[in-house]
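Shown next as structure tokens: one chain only, the form predicted on its own.
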């Protein structure tokens, strides 16, 4: 049996106030006065205090990201070209010494993707899949300002392409550095906090109940699940620190296992109807009693405690073309279904099964 040899984030800083060390981290990458850094920052922070704290030097580039929609391959391609043009003008065409992704999962995924495309030719859609990236990325740093996606820990950057929603899954995708500062997540709107946090909770349920489970994944998944219970059911003190660590540990858990049915269904839902990843996962998870009965029951208790009004009947008026596209995207997530059913998953993941699940949403 051959075991997976996977990469984890090599350097990390955790703690309140950690963001203030970003300039010090970047100083290690700057070798000359021309060396520049690119900051890719969720535009929600543009008029907030965090936007004024970005340690931008005169030669650096700052782009405010529009994450209204899930990240698209076309958007990533356009950003990469924008960065390359800036580098030609300000740094003799040399790549940035670092790319910083500051924001939620979408912002961090965009930063990962741009860092990869600066050193790998062609558009992002060429690399949607597993281990298609050939060259190491530019040094890149992830700084979450909301907790749950696990993007800070994962080897994927999830993008919506012309034909599918699928990650650029590669060891080269993993951040070189992450900074986890619980102070940055204060003031997040409640629904967004809940839906994004549930992404972490669902990671754990899918990993712990999957065929890929092993003691490495179980250790991280169990601890992450416990932290989620403390945050979402017990109103535990230090909830920001706890959810930030739950997010990281959930990402570590699936690094050596895999997500499952909920994420597969959510990808189809997001591709056709445009739902953001967190709320899409919640909509899908709420109909998966037959797959994860205990996990779904606890999820509903969490919703009730926090007065979350989850959208329903979202697939009621789909055209046949839309439904078929959702089924196509969902059924294409082979590793996820393998984690649910094992190698014979194709016998069970039929269009009828998927249609029935989407109709329940």
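Numbering follows the first chain given and starts at 1. No experiment lies behind these values; they were computed from the predicted model shown.
We do not show the form predicted together with nicotinamide-adenine-dinucleotide, though everything after this point is about it.
Which of 226, 192, 94, 211 has a heavy atom within 4.5 Å of nicotinamide-adenine-dinucleotide in the model of the complex?
The residue in contact is 192.
Ok, 107, 73, 98, 257: which has a heavy atom sitting within 4.5 Å of nicotinamide-adenine-dinucleotide in the model of the complex?
Filtering the options by heavy-atom distance leaves 107.
Would you confirm whether the three residues 145, 154 and 188 all fall within 4.5 Å of nicotinamide-adenine-dinucleotide in the model of the complex, going by non-hydrogen atoms?
Result yes, every residue of the spot touches nicotinamide-adenine-dinucleotide.
Exactly one stretch in 299-307, 63-71, 313-321, 330-338 has heavy atoms within 4.5 Å of nicotinamide-adenine-dinucleotide in the model of the complex; which is it?
That would be stretch 63-71.
Is residue 158 one of the residues lying within 4.5 Å of nicotinamide-adenine-dinucleotide in the model of the complex, judged by heavy atom distances?
Because a heavy atom of residue 158 falls inside 4.5 Å of nicotinamide-adenine-dinucleotide in the model of the complex, the answer is yes.
Is residue 56 close enough to touch nicotinamide-adenine-dinucleotide in the model of the complex, meaning at least one heavy atom pair within 4.5 Å?
Answer no; every heavy atom of residue 56 is more than 4.5 Å from nicotinamide-adenine-dinucleotide in the model of the complex.
Under a 4.5 Å heavy atom criterion, is residue 277 part of the interface with nicotinamide-adenine-dinucleotide in the model of the complex?
Within the cut-off, so yes.
Heavy atom of residue 35 within 4.5 Å of nicotinamide-adenine-dinucleotide in the model of the complex
No, residue 35 sits far enough from nicotinamide-adenine-dinucleotide in the model of the complex that none of its heavy atoms falls within 4.5 Å.
Going through 19-54, which residues have a heavy atom within 4.5 Å of nicotinamide-adenine-dinucleotide in the model of the complex? Please give them in sequence order.
42, 44, 45, 48 sit within 4.5 Å of the partner.
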